[in-house]
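Just the one chain here, the form predicted alone, laid out as structure tokens.
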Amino acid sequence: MLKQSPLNDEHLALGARMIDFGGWSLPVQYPTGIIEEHLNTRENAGLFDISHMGELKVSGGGAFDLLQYVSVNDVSLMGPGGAQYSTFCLENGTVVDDVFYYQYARDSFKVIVNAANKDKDLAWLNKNAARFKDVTIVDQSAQRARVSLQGPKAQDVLQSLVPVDLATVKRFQFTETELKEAVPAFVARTGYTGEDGFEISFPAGMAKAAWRSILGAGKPFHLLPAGLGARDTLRLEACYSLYGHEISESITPVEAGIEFIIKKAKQVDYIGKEALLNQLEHGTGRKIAGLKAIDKGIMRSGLEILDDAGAKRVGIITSGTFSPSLKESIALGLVDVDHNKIGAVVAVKVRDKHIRAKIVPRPFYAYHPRQ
């Protein structure tokens, strides 16, 4: 039996095509289609159900120290009301999961984790909490529902539903407020599309009321519900990592090109510190690259990357798609550093032929802040 979001009936009523996504029944697209949902999120706003994501509460006198120990980022840089992207890593520097922290106080945090990794992450935190005093970890995933409202008109949509002035909630900040219909809501200015927007969490029993309120408020702003298909094409244009693709237990943050989360000045010990600092200093044998196809063909995850002569394997595609915004085939891939140069031409093995691709700067589509 697939797990169902509290919004499952809403998706079916809207004619969504549902798929199995990591053991969850979730909408991949609505009748509007992936391309329209993608482009509308870029131009107006899109509403995504992300209730499959794990939501954990970490509290107690040792909460801060625990998260510092398991995090490659520096939690001390966040502060109350702040959000931070980070990874849990193994001692060799590879990634257990990528996560978002939200800090209420030094002894109170919300942690959002990937759906497929939720149980693994919970076990990881509990295992490492044993070295600290006074830490309580509560899995709130089933009691909460989550949506992501993304796009240049996201603030306009949400502002009509909440009393707080959203202009005061900056990127990587959050607030607690209330939606119309008396729905208590956690609202964070974070997202996974390369656009301005908000991730919103509320009690699961109030999910349908919240979903309908947001869609209703969004009608004047051309808000559309959007599925996993558009969520993936949007994040790939923005070059955001997907667990199991750009990051995994065999790929480090340095190799994945997200080394900005590793803080050299962080004085406390954390899991993977020695390995990651060594990679920052000495480099790695492979690194993530952005690729655009020169020849006709779609680059997909798992395809081999060869040198320009098509003779030697030099990497692998981690994610690939046809970009609705750019109207061309784009991909991310792990490429040997000797061949990973901006402007370099490589070959990608697509079925029984090779297509040429050029290594280009990342991201393909840059974040556009509201102000």
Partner chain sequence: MAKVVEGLLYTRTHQWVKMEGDIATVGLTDFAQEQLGEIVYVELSWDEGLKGKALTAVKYDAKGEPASDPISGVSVESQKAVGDVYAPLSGEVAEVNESLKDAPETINSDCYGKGWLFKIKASAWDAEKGALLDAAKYKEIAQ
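The structure presented is a predicted model; accordingly, all values stated were derived computationally and were not measured. Residue numbers count along the first chain shown, from 1.
The same protein also exists as the form predicted together with its partner chain; that form is not shown, yet it is the one meant from here on.
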Which of 334-342, 31-39, 51-59, 310-318 has heavy atoms within 4.5 Å of its partner chain in the predicted bound form? 31-39
Only one of Gly272, Gly297, Gly194, Gly290 comes within 4.5 Å of its partner chain in the predicted bound form by heavy atoms, so just point that one out. Gly297
I need to confirm a contact call. Of Lys349, Lys358, Arg17, Arg362, which residue comes within 4.5 Å of its partner chain in the predicted bound form, counting heavy atoms only? Arg17
Does Phe322 reach its partner chain in the predicted bound form if we count a contact as any heavy atom within 4.5 Å? yes
Taking 4.5 angstroms as the cut-off for heavy atoms, does Asp232 touch its partner chain in the predicted bound form? yes
